[in-house]
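Coming up are structure 1 and structure 2: the same protein chain in two forms, each one given alone as structure tokens.
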Structure 1
Amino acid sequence: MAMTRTSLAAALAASTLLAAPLQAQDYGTFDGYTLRVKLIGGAQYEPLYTLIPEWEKATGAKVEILSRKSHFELDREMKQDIAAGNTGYCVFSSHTNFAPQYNAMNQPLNDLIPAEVVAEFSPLVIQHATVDGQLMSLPRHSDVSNMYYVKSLYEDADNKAKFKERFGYDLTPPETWDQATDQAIFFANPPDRYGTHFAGKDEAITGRFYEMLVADGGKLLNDDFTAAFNGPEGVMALNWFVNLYKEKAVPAGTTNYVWDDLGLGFAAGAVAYDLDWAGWAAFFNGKDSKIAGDVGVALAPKGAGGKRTGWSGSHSFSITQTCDNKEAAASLIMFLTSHDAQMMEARSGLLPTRTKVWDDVLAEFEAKGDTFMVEVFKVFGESMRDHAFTPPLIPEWGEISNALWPQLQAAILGDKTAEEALNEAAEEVNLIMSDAGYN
């Protein structure tokens, strides 16, 4: 019986997934040892853990999962563990942007992960996971935001003509954030449709502001770790959000939105374009989306500084300093970030951290004829390679974020001018950095 090309590819993928990880690399023998771990939980993270029995079978060890929480809950737990000295486990889910906070418990991985394994990861991602020259975590999958848009709105002849008449240039997915502003205003027809929306609270709005600040040529902190974001570039970056809010091109509730609100809103066809994470791609084009088959993907636009927005980071795995079997811990995290484990995550749209997985998953999507996911991986691949950057890798990132976001909201809602809001945030950030001993 002849197999179709798609089913052959699927069968090959399934067989390699089940068999290859343990054949490709020797993960060691740890008979009778129980490895205690704390892992991030949630729908998109859990499928990877179905591979853990394979590692147990190969090494003779057992994995005991002590926690399976959302990222923010896990972050709180990590901080409490550090405070209480309660780090009697070995492996924990981390994030490259949060890892510096866990310095007190983090075991540098340089001597535990062989250099040839590290070399198989994307250099930029490894750079983001390195703090003060030490590899603090092994990246599992990355993320960066790019532009999703409703294709039919951009292809509509009437829209094209009206837009050209009003703004003097062709309607295409925005190349700059100024064009994005024009288009958000053009497409807005509240309450039925808005031009766009943005995550407006917590670290989400800080991150969006931060990447816009960088794209506009600014920076968050000076070399002496004092606030640098309250200059002209910061005001320009913040005013992008302020103007869209004033123009009612975004929903009035956008200052309360975080990622789920954005993803669900775009999938409901409520906005024309959405700067969002790669993990949403399959959902936007899936059966639960009202815009399935009508989703375009483009690189995130450029700011006034000629740089594209690209706030990024990777979910990762770390090892505790107090771990009683660091070799077993290293073995597990290498297994969970192996080529085949990453292929499994990449098939669901998560961005891999190994260079070869990018090529292999693209080839697989091409073989399946999944043109949408091919486009997604090409755009996000370029973004990860050329435009991704992290927040400053210092433990105070969370505190800086908490000083910034209420002030950003105050400017967006019109309680303060952008200058006032940023100056007040800068004052608070300077105090935080001073208390932390930076200056």
Structure 2
Amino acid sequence: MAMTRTSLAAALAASTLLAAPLQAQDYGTFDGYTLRVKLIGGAQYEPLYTLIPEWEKATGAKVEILSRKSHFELDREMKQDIAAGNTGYCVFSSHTNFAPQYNAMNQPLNDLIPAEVVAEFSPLVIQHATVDGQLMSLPRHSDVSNMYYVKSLYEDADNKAKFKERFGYDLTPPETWDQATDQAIFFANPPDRYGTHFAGKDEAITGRFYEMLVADGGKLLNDDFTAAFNGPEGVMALNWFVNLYKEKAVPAGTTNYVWDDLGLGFAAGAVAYDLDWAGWAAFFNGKDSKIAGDVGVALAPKGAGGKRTGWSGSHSFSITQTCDNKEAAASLIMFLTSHDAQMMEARSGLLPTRTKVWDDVLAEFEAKGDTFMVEVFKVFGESMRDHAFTPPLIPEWGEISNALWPQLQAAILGDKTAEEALNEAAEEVNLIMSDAGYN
């Protein structure tokens, strides 16, 4: 992986900068005011921040960025800030799945963001951003994963013949997770190439397990909020990861991977298929990718329960309750989620949260004859419409994840069986939910 995250961010920025300036809008006047913010960092997120000087010029305010970290690092910082009462800033990057954890500092946005602005967003993402009837964040772009694959590997006649001889069915992008397992094993040729890979720590592996669990017909929690994930469906879901690791169909380091590692590894031609989000699409097919022009995209496979994986949510912006200028904060987050700002991000594949941007960016790709990005948006659009679901929008989601992922990792590494790992995680989750007063 020769490309660093910094150079990747620069490449993405160069590929997604607006062809025309943002539309002139009235974002208010805040002469001399400095708005202090904490923002998510990383390759796909930072090009948007190149627009901040335009907001500064329009409003007379300045933006001071106090943090720019990965979401997991930022999440830990948010919780430390809440515990220490250290929320002397105004805007922070949030996520609809994480927002319920930040209730202590979330400023409800209902009276700060005009209803006509909220109405321009997808009703589903606004629903996901609403906690206990209050809008807690303004969605920036959405997440859901689908399958990217290296087309030439699947179209190769020799691969097709050998695969059919070995597994008894035609080699095509996998429709089920059982087929995905076969193909990951078939294509693995370590250390030159692996069948696939997965993010193996933090909420990244919890979420992957969660969506596999749902696809296999299981659920995370029972109606009384006790753990439900340690049944047969959970064991089946976890063993998908365990088996691929045992078969060396994934890199040995996959348990330490998070999102950037997956995107960079796929773009380097190191894996045959990659379950990933749409934000990588333009980069995968761009000049800095070794698989440019050779990338296919398909819906995520179905699990044993007949459901496709579709763990979802939206990156978003929130305002702290202690913010000393909430109007300026609201102005900035409306600017950063405006139609033109979302068009900028959508051009790289990030899924917009405004309804009109979906139509406008598709029309733009079609007009340019960019059939790959048209396919990306159609596949991911179907996924968002028909298969997307969030984890429970409760403050304990983070604690549940922190109880689960070390146990998932232990099973993948062979330190415990799937049953042992899930039962130990279930005991911890039941204690968390009981302490929180759910049962």
Partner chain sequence: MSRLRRYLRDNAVPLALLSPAVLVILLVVLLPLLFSLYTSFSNYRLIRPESLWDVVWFRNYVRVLGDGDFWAALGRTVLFLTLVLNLEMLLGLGLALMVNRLTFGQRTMRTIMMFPMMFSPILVGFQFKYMFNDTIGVVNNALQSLGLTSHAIPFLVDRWLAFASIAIAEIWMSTSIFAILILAGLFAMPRDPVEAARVDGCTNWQVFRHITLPFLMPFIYIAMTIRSLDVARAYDIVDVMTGGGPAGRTELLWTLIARTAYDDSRMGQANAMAYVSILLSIFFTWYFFRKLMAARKHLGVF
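Rigid core (definition): largest C-alpha set, two forms, superposition within 1.5 Å. Numbers follow structure 1, counted from its first residue as 1. Quick caveat: nothing in here was measured; it's all calculated off a predicted structure.
(request) Name the structure that is the form predicted on its own; the other one isn't. (result) That would be structure 2, which is the form predicted on its own.
(request) Quote the angle in degrees describing how far the smaller of the two rigid parts swings relative to the larger between the two structures. (result) The angle the smaller part turns through between the two structures is 17 degrees.
(message) If the core is used for the superposition, what shift in Å does the C-alpha of Leu138 show between the two structures?
(response) Displacement of the alpha carbon, after core fit: 3.4 Å.
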